[in-house]
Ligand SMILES: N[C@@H](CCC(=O)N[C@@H](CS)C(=O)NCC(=O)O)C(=O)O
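For reference, the chain that follows is the form predicted on its own, supplied as structure tokens.
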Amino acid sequence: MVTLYDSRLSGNGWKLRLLLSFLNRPYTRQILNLAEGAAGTPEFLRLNPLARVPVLVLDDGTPLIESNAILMYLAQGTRWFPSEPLAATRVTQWLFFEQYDHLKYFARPRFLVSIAKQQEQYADEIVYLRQIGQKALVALEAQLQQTPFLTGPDCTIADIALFPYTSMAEMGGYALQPFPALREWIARVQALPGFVPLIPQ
């Protein structure tokens, strides 16, 4: 059985728990308290020298890092990551988009506004991040006006990668009301069989 190392509020860890649940794949979860330095212990640094979650440890002890790379690994040979080259490339495009144009601009404001409660202290940084993040929301809305999911009629790991921090965008001060297709997409993902919330009920 694989072991997932993540934290209670990690959106990147949530990606992997979503896919593992959609795949009905059993796993063991190790929840790290990042505020107490759990990602900096010698034991964890042997798994990921970058000292961040998530990490997926395979049955043979091999650690995998980087959430989107792990999504690709887990989804190989399943409907969540098509094997046809063009379809696979369309999925991969959104994975790169999530890392370059999306992740930081949603995860960081969420942390500063709703977790660290430091909105006033980092007001200028938050404004800058939201300006760039707003462009990502426009791009997502444009695509989702055309297709139910990001690459077509079916949910893939592209949607799973972009779902957590997009669905939590309001925690960072974003307004999702102007993006009806995006809000419908969020509801569509939440309605999928096997969907799990960030914090288990």
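Note that residue numbering follows the sequence shown and begins at 1. Model, not experiment: these values are computed from the prediction.
The same protein has a further form, the form predicted together with the ligand, not shown here; the description that follows concerns it.
- With the partner omitted from this view, the residue of Val57, Ile31, Leu176, Leu34 that lies near the ligand in the predicted bound form is Leu34 [heavy atom within 4.5 Å].
- For the options Leu103, Leu129, Val91, Leu74, the one in contact with the ligand in the predicted bound form, meaning a heavy atom within 4.5 Å, is Leu103.
- Judged by heavy atoms within 4.5 Å of the ligand in the predicted bound form, the contact stretch among the candidates 22-30, 62-70, 129-137, 143-151 is 62-70.
- In the predicted bound form, Ala51 approaches the ligand with a heavy atom inside 4.5 Å.
- Heavy atoms of Arg17 never reach within 4.5 Å of the ligand in the predicted bound form, leaving it off the interface.
- Using a 4.5 angstroms threshold between heavy atoms, Gln99 counts as touching the ligand in the predicted bound form.
- In the predicted bound form, the residues of 7-21 lying within 4.5 Å of the ligand by at least one heavy atom are, in order, Ser10, Gly11, Asn12, Lys15.
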